[in-house]
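This document opens with one chain alone, in structure tokens, the form predicted on its own.
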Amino acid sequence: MLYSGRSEFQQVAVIETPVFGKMLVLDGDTQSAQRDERIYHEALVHPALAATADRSDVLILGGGEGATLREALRRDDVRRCTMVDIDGLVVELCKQYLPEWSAGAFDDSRARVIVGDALAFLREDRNAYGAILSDLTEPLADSPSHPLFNDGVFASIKSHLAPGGVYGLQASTGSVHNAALHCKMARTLRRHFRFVASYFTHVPAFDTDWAFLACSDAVDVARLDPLVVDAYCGQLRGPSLFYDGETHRRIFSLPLYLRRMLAEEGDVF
């Protein structure tokens, strides 16, 4: 145990394990692990950035570890990346105990890090972003992220997207026994975006298949040409662990059970 305590918003722990290395745990749930966090963060960030028309200005909601920020800033054509996280203690603990996650991103001159309420930020901000990335905790009833998952917030997020922009978000588990929350997110977002593409990959530290959504009125991210993805990845700073054109094609190829669940009528936010 490297740290255990409670912030204003949630229980926070930083631990070190023999298999996954250091791990960030919030309210008892693993958020990321040293051994495989790049699988999650590359999957969250790069499909949206590869598909968007203009990457010059990017917004991240959440992302306290700084790894989502790190991945966005691997592209030189990202001129500014704004990260808004409500829990300043988590941000500082990650800087102290998990500096490998951010890898200098917090000190990048293109980074604008705001400790504050994302809802208030969306109300007050007048900028448009080529990509908006949501790296929030799951919207459970007792989570500080819960107020950020509803029609009003999704409409606000869409209003902050530049033409041709993409909204990408982590969207709960896509496993056969526990995909209901993911499908609820997808159904709700279909009321706001022309294209809502589900995708998922196995994250070993989560011990499940983790799902994401890529939403846009301009582009169906699921149909992005793998050659376009490879050209995008070829301009990333440093080597990737997980994402490239072939991986893109695989993660958007959904199993039958999930396609059926996504096609069903059901709960929305």
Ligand code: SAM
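The numbering used is simple: start at 1 and walk along the sequence shown. These figures come from a predicted structure and were not determined experimentally.
This protein has a second form, the form predicted together with S-adenosylmethionine (SAM), left out of what is shown; the following refers to that one.
Across the options 23-31, 213-221, 238-246, 48-56, residues that bring heavy atoms within 4.5 Å of S-adenosylmethionine (SAM) in the model of the complex belong to 23-31.
Contact annotation for Glu71: none of its heavy atoms lies within 4.5 Å of S-adenosylmethionine (SAM) in the model of the complex.
Although the partner is absent here, Asp108 lies well away from S-adenosylmethionine (SAM) in the model of the complex, with no heavy atom inside 4.5 Å.
Although the partner is absent here, Glu138 sits close enough that one of its heavy atoms falls within 4.5 Å of S-adenosylmethionine (SAM) in the model of the complex. Residue contact with S-adenosylmethionine (SAM) in the model of the complex: Asp117 places a heavy atom within 4.5 Å of it. When you look in the model of the complex, the only residue of Thr188, Ser156, Ser175, Ser145 with a non-hydrogen atom within 4.5 Å of S-adenosylmethionine (SAM) is Ser145. Residue-level contacts in the model of the complex: of Leu93, Cys183, Val84, Ala197, one residue has a heavy atom within 4.5 Å of S-adenosylmethionine (SAM), and it is Val84. Applying a 4.5 Å heavy atom cutoff to S-adenosylmethionine (SAM) in the model of the complex picks out Gln170 as the lone residue from 152-191.
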